[in-house]
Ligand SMILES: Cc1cc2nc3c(=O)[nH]c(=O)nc-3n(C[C@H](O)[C@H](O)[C@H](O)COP(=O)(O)OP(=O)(O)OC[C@H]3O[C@@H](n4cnc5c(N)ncnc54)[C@H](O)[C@@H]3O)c2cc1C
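Okay, so here's just one chain, in structure tokens, the form predicted alone.
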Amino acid sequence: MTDYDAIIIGGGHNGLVAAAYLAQAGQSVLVLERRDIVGGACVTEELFPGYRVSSCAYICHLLQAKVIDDLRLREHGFAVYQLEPARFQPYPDGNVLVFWDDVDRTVEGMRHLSAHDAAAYPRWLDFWRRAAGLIHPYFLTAPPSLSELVARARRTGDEDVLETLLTRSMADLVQAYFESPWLQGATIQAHDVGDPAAVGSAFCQSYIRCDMYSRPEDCGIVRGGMGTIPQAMLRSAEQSGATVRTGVSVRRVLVEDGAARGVELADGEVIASRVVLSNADPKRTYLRLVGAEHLDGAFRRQVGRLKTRATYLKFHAALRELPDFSRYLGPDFDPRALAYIKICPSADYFAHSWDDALHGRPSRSPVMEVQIPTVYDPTLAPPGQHVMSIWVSYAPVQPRDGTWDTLRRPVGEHLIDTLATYAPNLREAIVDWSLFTPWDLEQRVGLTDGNIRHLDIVPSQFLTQRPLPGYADYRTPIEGLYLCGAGTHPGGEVTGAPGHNAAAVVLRDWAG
């Protein structure tokens, strides 16, 4: 006898997506979430009285159109503000770049910095559209092997693009396209690879750039904060018949005769099921939720070696007024220009940020993606006031000197000081602030090492290697146990793809 067809551990957005698809197929589904709210790393929280922030994930750009439409998320409250301009980037010397959806308008604004780079920018975008076009078709399918990617590149005439992705670094590419430090600083990125000079950093960037294929109406600041997304998914799943319980912690997956048979909760309650899907990260699933006696020792050691070293900081502040960027935008600028601000003056600055984290130091040159969503959505703060969040690259999982408890205050103050060099009224504007460190993200959200993508998206943990060779199909060594979180293909960000794909595999397995 079973209580449910499927139990899903974790009410993050991918777990809710899997639940909705399984329930739509007529299966009885139970979602178990440790926190009192669903969403995992995709939530809206009132950290300061009257001020609500997207406490971890902060922008919607890769949520799959099929998931939005199949789950009828717009009917359940999902809506976004499309950003225009898309991004504003100030520089310490007073120069500025503003990025618009209109490429010609963006290029025109670049000419005062470098005519060469302005001419190169459309070619840069074309390269990444072609690069992302190799990966994007596989978001809602099994991951492609390298030979399949080569065959696709040959069919589409993009063999040169794939070769570049596999053999060159982001630093190489940025320097090949742009000569000015301003454009290099604006375009450099390495995400979980960290080192922009590392071969493979360009390959993994192609995943993030798949947002070039997202529908414009699905990208931007989410109305009501990022937590609106899982709330819409929750309503969709429940409408289809799924049951969701919050405030319950799973102690272990029950395994009998090599197969998952249900779960045991922290209070001792046992719930039986035909299958179990874990939305927890692979390390937490295999090393904590599954007893060591049920997995081969070599497999567990392989799991223990999975890379979770790329970690970040999330800073939040309640503001009594907007930061003053009039030095860059003029005295009467449109406040919506402040919705998304990037601080990264040069490619060297970016590289220094990673080097600090790699050697256990909080970054002395923090790369900051600053968001002030209240310039679009005033419901997140009291009338006339604002919230500001900063996503900071990078941070060490464990600092070399001190602990995150002792470093939280000085690191937060350094972030304020750094941003205040661009917006001099910032300190006076802040009502209160909070900093989430990797340790905080692990404790609050249950992310091993505070890793927001469950596992680093690096070449050895990408496509058919994610999370492990031989297990990129959402199945595990234990029959009836599946993974459905960001540690599986295609990876992190708020996409819904892992949940969609895992549910499809479960239904195929049941169909025989």
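Residue positions are given as counts along the sequence shown, with the first one as 1. Note that the structure is predicted; figures quoted are calculated from it, not measured.
The following text describes the form predicted in complex with this ligand, which does not appear among the structures shown.
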> Where does this ligand sit in the predicted bound form: which of 248 to 256, 150 to 158, 79 to 87, 129 to 137, heavy atoms within 4.5 Å?
Replying inline: 248 to 256
>> Using a 4.5 Å heavy atom cut-off, which residue among 481, 53, 447, 29 comes into contact with this ligand in the predicted bound form?
In response: 447
>> Please tell me which of 388, 73, 183, 441 lies within 4.5 Å of this ligand in the predicted bound form, judged by heavy atoms.
In response: 441
> Heavy atom to heavy atom, is residue 490 within 4.5 Å of this ligand in the predicted bound form?
Replying inline: no
> Is residue 471 close to this ligand in the predicted bound form, meaning a heavy atom pair under 4.5 Å apart or at it?
Replying inline: no
>> At 4.5 Å between heavy atoms, is residue 33 in contact with this ligand in the predicted bound form?
In response: yes
>> Can you tell me whether residue 502 touches this ligand? I mean in the predicted bound form, with a 4.5 angstroms heavy atom cut-off.
In response: no
>> Heavy atom within 4.5 Å of this ligand in the predicted bound form: which residues of 31 to 65 meet that condition, in order?
In response: 32, 33, 34, 35, 39, 40, 41, 42, 56, 57, 58, 59, 61
